[in-house]
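To begin, one chain is listed below as structure tokens, in the form predicted alone.
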């Protein structure tokens, strides 16, 4: 069970890395690589973890594998940083069961995306309200706003209503695209109306991180294979060194943009992690992308250019 000091709160900031789920070359969960990847992320200075998200290939795991991955990472992290567990599912009963299991194992909170095909504000609000009531006040919730994947638009008015009515809603994973105006509006509404200020961490591969921080984001929740850049950029912004932060970000931008490609991005990210020694295999479970020789050549060239620019 997570201690109170490790529960997810409205004050969360920094980099919550979206962790990959390592498999071996036969597609089985690789426990050795789970440990080495966890150590890699911690060594790079991440503030927290988010596991079993879309990048973590959670829908491709059996229930037994889901529990295995959760247990392994939470044990390896050993409460050094908060761990948020993705519990999104088409079944509310499954969300309730998985959330309880995650919190009992020591998770800091859970992340929930809406089920597909919710069309109106009332439907989106109703879905999240039911989940919040089901999980109760003891389970901190991160709302995942990722309409590119879910097809569901979560409006600012719905976000504000959930903040007002459910104290367990403590974080927004902002991943709308384009959506920086939404981020600004959520922040503006909390500043001008006295509304509770929640944490906002941003996704979309970190592609817009500098602009989003300047608009009020508290950090990043994404899985870029060079997490030290995300950590350093957030730290520089927190120190008021915005120009230095953007200069550093720009060095990594070509590779960040390349890794962000829909469809092939996960395979590129896993291959980069493999090359960095964080995992033993870049295997992506089917259905999933496979890199060809040209893809490998492009990745090699971009990494070499990045290393040269950093030097």
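Predicted model only: the values in this text are computed from it and were never measured. Positions refer to the first chain, counted from 1.
The same protein also has a form predicted in complex with another copy of the chain, omitted here; what follows describes it.
K.L.:
Looking at 120-128, 100-108, 217-225, 79-87, which stretch has residues with any non-hydrogen atom within 4.5 Å of another copy of the chain in the predicted bound form?
P.N.:
Checking each option against the 4.5 Å cut-off leaves 120-128.
K.L.:
Do residue 91 and another copy of the chain share at least one heavy atom pair within 4.5 Å in the predicted bound form?
P.N.:
The answer is yes: residue 91 has a heavy atom within 4.5 Å of another copy of the chain.
K.L.:
I'd like to check something about residue 207: if you look in the predicted bound form, is any of its heavy atoms closer than or equal to 4.5 Å to a heavy atom of another copy of the chain?
P.N.:
It does: once another copy of the chain is placed as it appears in the predicted bound form, residue 207 has a heavy atom within 4.5 Å of it.
K.L.:
Look up in the predicted bound form whether residue 40 has a non-hydrogen atom within 4.5 angstroms of another copy of the chain, and give yes or no.
P.N.:
Taking the distances in the predicted bound form, the answer for residue 40 is no, it never comes within 4.5 Å of another copy of the chain.
K.L.:
Can you check whether residue 65 is within 4.5 Å of another copy of the chain in the predicted bound form, heavy atom basis?
P.N.:
Because a heavy atom of residue 65 falls inside 4.5 Å of another copy of the chain in the predicted bound form, the answer is yes.
K.L.:
Checking a candidate spot here: are 28, 246 and 294 all in contact with another copy of the chain in the predicted bound form (at least one heavy atom each within 4.5 Å)?
P.N.:
Yes.
K.L.:
Give me the residue from 153, 195, 188, 72 that has a heavy atom within 4.5 Å of another copy of the chain in the predicted bound form.
P.N.:
Only one listed residue qualifies here, and that residue is 153.
K.L.:
Going through 258-277, which residues have a heavy atom within 4.5 Å of another copy of the chain in the predicted bound form? Please give them in sequence order.
P.N.:
Residues within 4.5 Å: 258, 260, 261, 262, 264.
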